[in-house]
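Next up: a single chain in structure tokens, the form predicted on its own.
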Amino acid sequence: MKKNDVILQTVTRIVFFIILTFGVELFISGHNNPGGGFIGGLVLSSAFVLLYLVYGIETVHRGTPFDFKRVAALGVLLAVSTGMLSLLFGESFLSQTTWLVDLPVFGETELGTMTIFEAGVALTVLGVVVTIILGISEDVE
């Protein structure tokens, strides 16, 4: 018997983008405020878990063109390569380098290798959490 969950699906379409925006905000503001790659990745993964709960695994897989295991692998590669890059310049592993860049809209902005590392952590957490949730759901079915 199929449940009539039109209201849940409609609300999810809106809440999904709100959660994604909040996750990106946590990731970006995490350098100087509470948040960062790990927390941002957890919030981003909760948005995808909500989609899987409401629409089902097959429907979401048809709409998302990427494999979350590869997302996790890309995140690990990004985070580790950031640390290895500092070794190439004679610094210690994961030492941070920052640059002040004058961007057209944002003005003078500080960019650093820590932001790239945090992006790798966020992608890793997103990929691992969604993969674990999908693995648990396969055991239940």
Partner chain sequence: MITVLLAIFIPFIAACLIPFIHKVLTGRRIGWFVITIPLFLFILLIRLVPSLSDGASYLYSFSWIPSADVYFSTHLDGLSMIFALLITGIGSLVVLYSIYYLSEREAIGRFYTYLLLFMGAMLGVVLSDNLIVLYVFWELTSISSFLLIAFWSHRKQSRYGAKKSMLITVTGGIFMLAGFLILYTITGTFNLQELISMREVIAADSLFIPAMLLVLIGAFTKSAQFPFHIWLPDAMEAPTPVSAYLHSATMVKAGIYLVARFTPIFAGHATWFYVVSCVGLLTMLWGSVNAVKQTDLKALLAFSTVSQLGMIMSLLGIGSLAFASSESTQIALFTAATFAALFHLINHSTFKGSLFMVVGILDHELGTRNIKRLGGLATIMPITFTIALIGSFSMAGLPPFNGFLSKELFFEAMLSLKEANLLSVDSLVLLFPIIAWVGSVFTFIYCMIIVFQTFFGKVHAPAPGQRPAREAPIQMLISPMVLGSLVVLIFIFPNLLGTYILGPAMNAVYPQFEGMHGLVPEIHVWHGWEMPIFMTIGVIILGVLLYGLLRYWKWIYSVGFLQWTLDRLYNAWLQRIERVASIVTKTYMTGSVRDYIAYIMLLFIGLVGIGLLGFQQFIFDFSNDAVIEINESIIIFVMMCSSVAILFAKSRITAIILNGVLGYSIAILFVVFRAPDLALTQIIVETVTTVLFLLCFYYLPEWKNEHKSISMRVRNGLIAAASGVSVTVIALLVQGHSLYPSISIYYETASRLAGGLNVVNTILGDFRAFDTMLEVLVLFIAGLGVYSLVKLRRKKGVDHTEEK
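Numbering follows the first chain given and starts at 1. Computed from a predicted structure; not experimentally measured.
In what follows, reference is made to the form predicted together with its partner chain, a form of this protein that is not presented.
J.: Can you confirm whether 24, 48 and 60, the three residues that make up this candidate site, all sit within 4.5 Å of its partner chain in the predicted complex, judged by heavy atoms?
T.: Not one of the three qualifies.
J.: Does its partner chain come within 4.5 Å of any heavy atom of residue 94 in the predicted complex?
T.: Result yes; residue 94 sits at the interface with its partner chain in the predicted complex.
J.: Report yes if any heavy atom of residue 64 sits within 4.5 Å of a heavy atom of its partner chain in the predicted complex; otherwise report no.
T.: No.
J.: So in the predicted complex, does residue 38 come within 4.5 Å of its partner chain, heavy atom to heavy atom?
T.: Contact with its partner chain, yes.
J.: Taking its partner chain as it sits in the predicted complex, is residue 12 near enough to touch it, meaning that at least one heavy atom pair lies within 4.5 angstroms?
T.: Although its partner chain is absent here, residue 12 would stay clear of it in the predicted complex, with no heavy atoms inside 4.5 Å.
J.: Counting any non-hydrogen atom inside 4.5 Å, which residue from 116, 54, 85, 72 sits next to its partner chain in the predicted complex?
T.: Comparing distances to its partner chain in the predicted complex, the residue within 4.5 Å is 72.
J.: Using a 4.5 Å cut-off on heavy atoms, which residues of 9 to 47 contact its partner chain in the predicted complex?
T.: Counting only heavy atoms within 4.5 Å of its partner chain in the predicted complex, the contacting residues of 9 to 47 are 26, 30, 31, 32, 33, 34, 35, 36, 38, 39, 42, 43, 46.
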